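Only one chain is given next, in structure tokens, and it is the form predicted on its own.
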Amino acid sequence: MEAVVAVAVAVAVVETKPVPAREPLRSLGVGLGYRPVHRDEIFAHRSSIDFFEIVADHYFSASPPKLAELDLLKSNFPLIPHGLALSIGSADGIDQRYLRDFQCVVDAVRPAWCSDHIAFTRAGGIDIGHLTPLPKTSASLRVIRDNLRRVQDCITTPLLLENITESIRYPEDEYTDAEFLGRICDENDVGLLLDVTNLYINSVNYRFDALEVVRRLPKDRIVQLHFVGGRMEEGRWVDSHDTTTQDEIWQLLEAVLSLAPVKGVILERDEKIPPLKDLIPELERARDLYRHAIPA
């Protein structure tokens, strides 16, 4: 009985211990989503790349060549691990194996922050293989809260969550886009990886004002941005990641930078990937906007 009481007292002490304030995140600048096809070119354009965002999943149980690649990158650039399948919105809960793999990459890189998506990729024990949007409901917020607790128990590195393009919207939605994103961030102490392209595409496809969403978001939660070009297919915008960034997206990017204390901006490109030199003009344009909006 005395042992049980001692344990209970110890637990109470742990629970009432004040949590130290998190240090402010440092500014990383403007960088690129790393793709292996560019490996041989990165040092020729090093001055144009402030940091890389790596796909964390590519380094799970990595082979020696992939480990060597990761070591090369982290020895020369700040890295941000970006997950694809944490499935933070899954009612099935967090896949512990995936979480351990993700944690290993984060521990190896020691980044300023890490990120994944506001979505689910698993349902009923089945891997969907796609970032599926969530209904914007109180039930979804509860699921996200429970899953984030498990993630944050394992990974103390600041976590950002990214808005996705939405192939569907649910009639059950209880919150607007800004309300839903804001509640996720504020209630769980996470940052927002605002994908400007995704926001623009959703705003066109579902006919709402993207800039008004940005104005209603908690600005101090917007830590990082994504941008890339999309395209129109059969009357709808598609997040194709395969073309240069359109003017409308540049305009939204500039507006976000003027409103929020962004710490990093990443250009993505996943399809029809050109030589790295062809992406440098977009990086430099983004850097000019970043420097203009956020004094050094």
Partner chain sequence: MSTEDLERLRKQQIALARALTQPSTSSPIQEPSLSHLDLEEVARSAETLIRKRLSQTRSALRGTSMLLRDEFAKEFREFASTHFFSGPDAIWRDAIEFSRWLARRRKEPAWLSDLLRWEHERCCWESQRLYFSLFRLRYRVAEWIDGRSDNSRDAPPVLSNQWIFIWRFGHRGGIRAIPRRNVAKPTAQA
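Positions refer to the first chain, counted from 1. Just so it is clear, the structure is predicted and the values come from calculations on it, not from any experiment.
One more form of this protein should be noted, the form predicted together with the partner chain, which is absent from this view; the next part is about it.
Contact with the partner chain in the predicted complex, judged as any non-hydrogen atom within 4.5 angstroms, is confined among 53-61, 26-34, 243-251, 256-264 to 53-61. Though the partner chain is absent from this view, in the predicted complex it lies within 4.5 Å of a heavy atom of just one residue from 73, 123, 178, 204, which is 123. Taking non-hydrogen atoms only, residue 135 approaches the partner chain to within 4.5 angstroms in the predicted complex. The partner chain in the predicted complex is not approached by residue 191, whose heavy atoms all lie more than 4.5 angstroms from it. Shown alone here, residue 233 lies within 4.5 Å of the partner chain in the predicted complex, counting heavy atoms only.
For the chain shown alone, residue 211 is not a contact residue for the partner chain in the predicted complex, no non-hydrogen atom being within 4.5 angstroms. Along 125-153, residues 125, 126, 127, 128, 129, 130, 132, 134, 135, 138, 139, 140, 142, 143 each place a heavy atom within 4.5 Å of the partner chain in the predicted complex.
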